[in-house]
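So this first bit is one chain, no partners, the form predicted on its own, shown in structure tokens.
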Amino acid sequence: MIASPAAPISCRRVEVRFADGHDVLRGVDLDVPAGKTVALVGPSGCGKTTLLRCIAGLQAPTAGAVEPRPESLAAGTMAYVFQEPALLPWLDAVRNVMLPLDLVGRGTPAEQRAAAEQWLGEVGFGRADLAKHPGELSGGMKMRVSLARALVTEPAILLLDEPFAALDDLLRTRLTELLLDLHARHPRTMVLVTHNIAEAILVGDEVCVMDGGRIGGRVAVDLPGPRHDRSRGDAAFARLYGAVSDALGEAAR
């Protein structure tokens, strides 16, 4: 499969008002350069996931513009990883990962299977696990399948909505490192929604703090690469953690 070149994301004065009159997003501006990652943090209900859904084309803005428009992209160019893996229980791991390729009509069945097996290998699946159904997999393994399913189309843009929130700390750390490794080897534009400050700093090139439907603070992440969990012990990491914590405090006032 041929990877799509990373694409920039641009949001201009994006607003979302629900039918009950509640303003969820209020004039949000956001730029994500091609191949870079922005992490969105903030309290529940601040608009993080709504902004991600607008970028994905799952939520129509009431006002403003998002580029690229999903309908203008080739099928499979944008992928979305939800908090819940949402795997089809009657399909094994390989066939769950093959599904996006089948939906966009890319490749022969043999090529689709080869791509699915390749990406399951990329996320740490062994040969003995390929034929397992979701009911036979742990929570961490299910999320690995979800990541492989999102990446099998070689998307230019990857959107992640708190993908590791339901996992314990050890699994979360391992999968965050996996995501960092995958991004280092297969760069693409990413937007990550998370409540976890440390995760936001490790993954993001910029952390945007949201509250009340607006971006209230931005922290550029200048950690040296390659990043890994041991980066948490660096003085630079502590400084950034403090800066994001301060921005969250300011946004909440």
Partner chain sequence: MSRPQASLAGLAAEALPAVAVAVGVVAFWQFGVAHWQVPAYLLPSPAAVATAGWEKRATLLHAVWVTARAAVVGLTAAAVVGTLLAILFSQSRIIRTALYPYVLFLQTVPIVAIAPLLITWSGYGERTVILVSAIIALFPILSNVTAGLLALDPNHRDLFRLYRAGRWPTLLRLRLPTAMGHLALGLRISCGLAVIGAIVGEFFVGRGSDFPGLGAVMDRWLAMGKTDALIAAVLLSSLLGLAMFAAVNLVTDRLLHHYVQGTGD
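Note that the structure is predicted; figures quoted are calculated from it, not measured. Residue numbers count along the first chain shown, from 1.
Not on display, but discussed next: the form predicted together with its partner chain.
*Asks:* Could you check which residue among P43, P68, G64, G57 gets a heavy atom within 4.5 Å of its partner chain in the predicted complex?
*Replies:* Spelling it out, the residue with a heavy atom inside the cut-off is G57.
*Asks:* Can you pick the one in L180, L73, A114, L130 that has a heavy atom within 4.5 Å of its partner chain in the predicted complex?
*Replies:* Of L180, L73, A114, L130, the residue with a heavy atom within 4.5 Å of its partner chain in the predicted complex is L73.
*Asks:* Counting only non-hydrogen atoms and a 4.5 angstroms cut-off, does Y80 reach its partner chain in the predicted complex?
*Replies:* Judged by the heavy-atom cut-off of 4.5 Å, Y80 is in contact with its partner chain in the predicted complex.
*Asks:* Using a 4.5 Å heavy atom cut-off, state whether R218 contacts its partner chain in the predicted complex.
*Replies:* Taking the distances in the predicted complex, the answer for R218 is no, it never comes within 4.5 Å of its partner chain.
*Asks:* Using 4.5 Å between non-hydrogen atoms, is V123 touching its partner chain in the predicted complex?
*Replies:* Output for V123 is no: heavy atoms all beyond 4.5 Å of its partner chain.
*Asks:* So in the predicted complex, does any heavy atom of P134 sit within 4.5 Å of its partner chain?
*Replies:* Flag for P134 set to yes.
*Asks:* Where, within 144-177, is there a heavy atom within 4.5 Å of its partner chain in the predicted complex? Residue list please.
*Replies:* The stretch touches the partner through R149, A150, T153.
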